[in-house]
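The chain below stands alone and is given in structure tokens; this is the form predicted alone.
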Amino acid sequence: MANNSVEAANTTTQSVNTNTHTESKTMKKKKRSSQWTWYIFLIPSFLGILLFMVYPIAESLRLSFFKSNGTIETFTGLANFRTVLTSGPFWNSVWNTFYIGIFQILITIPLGFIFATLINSVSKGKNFFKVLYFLPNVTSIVAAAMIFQFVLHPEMGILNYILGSLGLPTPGWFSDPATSKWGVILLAVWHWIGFVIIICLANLQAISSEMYEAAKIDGASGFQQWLFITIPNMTGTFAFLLITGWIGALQRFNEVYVVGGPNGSPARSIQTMGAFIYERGFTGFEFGIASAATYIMFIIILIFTFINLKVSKMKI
């Protein structure tokens, strides 16, 4: 009887172990199948990335080694890169791009930080000022460029009307190669400053108030608090704005295309690298040269971003 009881107990234990093992296998299979289900939902996104990002990048790299007008292709090796690097209009577009970008960043980041500091210091109306300054940033840059063409019109523009009323000189803005870049800079500052203000405000509000209270106790003035507490705590934000600002500036295309067309009129004075690529690719049908210029621009952006990361000591 005892042996029968032991055998029955062993049989029961084996049965339980078998059931547990079977249930464990079933759970693992269900878990795997549920994981694959999620991947199925990601297929459209993967297809979109492959079709609209990976393939164009690879095709552009291939075209950079060919002389192509869209139908006839001839392998030329590095000739397209040589043509771009020895092209006067290309280096003129590089100069225009950096000129506009440098002054946009030098003006917008300090000015946006000052405005953010002033908004952060007021007790009422913060949300109103946030919305007021951020509105330009959500405005379409194409629409903003068209409006600025009227605002900066040399004869009928409101800005020249105000300058003339004050007895100041009235520039030709977009109709004069000497001042057209500054018209684009004003547009860029107006459009980007809201973003700079919001980012700076977010960091300003994250600075601990205890640091300011301790500084007050030690006898620090308001200016000293701003200089030795606020600015050092904003270095990360300044680095972020500097890097994102440069990437956007080096890719500038929409506003200069609206204002001056693909050749950056007047006299190519506002043609940027992006506009040069568009002009060669979609008006000259020189797709090989346009592709080579695209990769040269990519390398310029990559090098400049790397330098900015090193200078700002920002980790990614």
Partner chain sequence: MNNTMSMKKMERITSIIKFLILLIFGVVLMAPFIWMVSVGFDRTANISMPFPPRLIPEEPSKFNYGIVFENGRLIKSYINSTIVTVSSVVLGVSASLLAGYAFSKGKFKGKKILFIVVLCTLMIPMEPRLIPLYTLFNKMNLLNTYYPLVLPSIISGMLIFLCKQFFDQLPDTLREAAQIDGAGEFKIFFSVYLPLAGPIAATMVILAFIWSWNDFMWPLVVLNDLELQTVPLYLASFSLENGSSLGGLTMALATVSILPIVILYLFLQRYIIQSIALSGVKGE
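Bear in mind the structure is a predicted one, so any value in this text is a computation, not a measurement. Residue numbers count along the first chain shown, from 1. By rigid core we mean the largest C-alpha set that fits within 1.5 Å across both forms.
The protein also exists as the form predicted in complex with its partner chain; that form is not presented, and the subsequent description refers to it.
Just one listed stretch, out of 95-103, 108-116, 224-232, 207-215, contacts its partner chain in the predicted bound form at the 4.5 Å heavy atom level, and that stretch is 108-116. Contact check for Thr139: a non-hydrogen atom falls within 4.5 Å of its partner chain in the predicted bound form. Although the partner is absent here, Ile185 is not a contact residue: none of its heavy atoms lies within 4.5 angstroms of its partner chain in the predicted bound form. Put simply, Ile198 is close to its partner chain in the predicted bound form: some heavy atom of it is within 4.5 Å. Put simply, Leu168 is far from its partner chain in the predicted bound form: not one heavy atom of it is within 4.5 Å. Taking Ala220, Met146, Leu85, Leu78 one by one, only a single residue has any non-hydrogen atom within 4.5 Å of its partner chain in the predicted bound form, and it is Met146. Looking at 36-54, the residues that come within 4.5 Å of its partner chain in the predicted bound form, counting any heavy atom, are Thr37, Trp38, Tyr39, Ile40, Phe41, Leu42, Pro44, Ser45, Phe46, Gly48, Ile49, Leu51, Phe52, Met53. Phe46: CA moves 2 Å or more between the shown form and the other one after rigid-core fitting.
The Cα position of Phe282 differs by less than 2 Å between the shown form and the other one after fitting on the rigid core.
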